[in-house]
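In the form predicted on its own, a lone chain appears below as structure tokens.
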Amino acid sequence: MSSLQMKDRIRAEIVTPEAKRDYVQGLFGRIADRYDLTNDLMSAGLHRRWKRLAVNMAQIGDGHVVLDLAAGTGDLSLIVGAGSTEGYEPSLVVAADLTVPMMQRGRERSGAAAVRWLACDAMDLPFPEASVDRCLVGYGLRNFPDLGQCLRELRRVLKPGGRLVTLDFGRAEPQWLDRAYLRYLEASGSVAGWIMHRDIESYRYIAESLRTYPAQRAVATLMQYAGFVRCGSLDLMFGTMAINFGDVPN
């Protein structure tokens, strides 16, 4: 299959919200066994530093209920669950994800017993209104079938004074750098997918998902539309990665 054919195939698979949901669930189920190792290799371990920064920006306090949505194997949840070493003690940490094999890998990790693992759909969260103090999303926004609906759901479940912090791939500036970055993701994703999973398509999805992703500036605007205030973004690596944040009014 040529590069162009693969792009067309991926785009066809994610053309509707329902199709994208099924595609993403199947994709991450296939790569769950080596997902963490692949992330370490592709980012040279930097993703762990960025995730810790995102947790710090969430300003988690004693007694907080923390939701890690699209948790995968639980990197963010495990950082929060070990929060007593950072000076805070959350009352509950929930790692929620649509893909069960990813969470099964997470449950095998050190510290997993401090986390409650939950299979759920980000479009319809099984939490009461105003029941969560903090929400974290690591590399999940691009994968949600309807980003606006997910943000509205997060706004619904967060308490007054709550905070949402997300970490995801971004779009670089200026445009020439962004174009070069997307080409790099296509090439490196193909290599990583083949070496780690014998599946070229698995990590080519990153570049294709970014082509339709609104990225950090527009995500901040969408958060405002969903009812968040003090929304903004922090660029990392020239904008190729970004942290978005927003608060729920008191």
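Owing to the predicted nature of the structure, the values given are computational and were not obtained by experimental measurement. Residue numbers run from 1 along the displayed sequence.
If you look for the form predicted together with a small molecule, you will not find it shown, but the lines that follow are about it.
Visitor: Residue-level contact is defined here as any heavy atom of the residue lying within 4.5 Å of the small molecule in the model of the complex; does Thr38 satisfy this criterion?
Guide: No, no contact at 4.5 Å.
Visitor: Taking the small molecule as it sits in the model of the complex, is Asp178 near enough to touch it, meaning that at least one heavy atom pair lies within 4.5 angstroms?
Guide: No.
Visitor: Evaluate Gly72 for contact with the small molecule in the model of the complex, applying a 4.5 angstroms cut-off between non-hydrogen atoms, and reply yes or no.
Guide: So Gly72 counts as contacting the small molecule.
Visitor: Contact with the small molecule in the model of the complex for Gly81, defined as at least one heavy atom pair within 4.5 Å: yes or no?
Guide: Gly81 lies outside the contact set for the small molecule.
Visitor: So, a 4.5 angstroms cut-off on heavy atom distances: do all three of Ala207, Gln216 and Gly239 pass it with respect to the small molecule in the model of the complex?
Guide: No, the whole trio is out of contact, none within 4.5 Å by any heavy atom.
Visitor: Sort through Gly138, Gly170, Gly162, Gly106 and report the residue having a heavy atom within 4.5 Å of the small molecule in the model of the complex.
Guide: Contact residue from the list: Gly138.
Visitor: Within 4.5 Å, heavy atoms only, one stretch in 153-161, 170-178, 93-101, 126-134 touches the small molecule in the model of the complex. Which?
Guide: That would be stretch 93-101.
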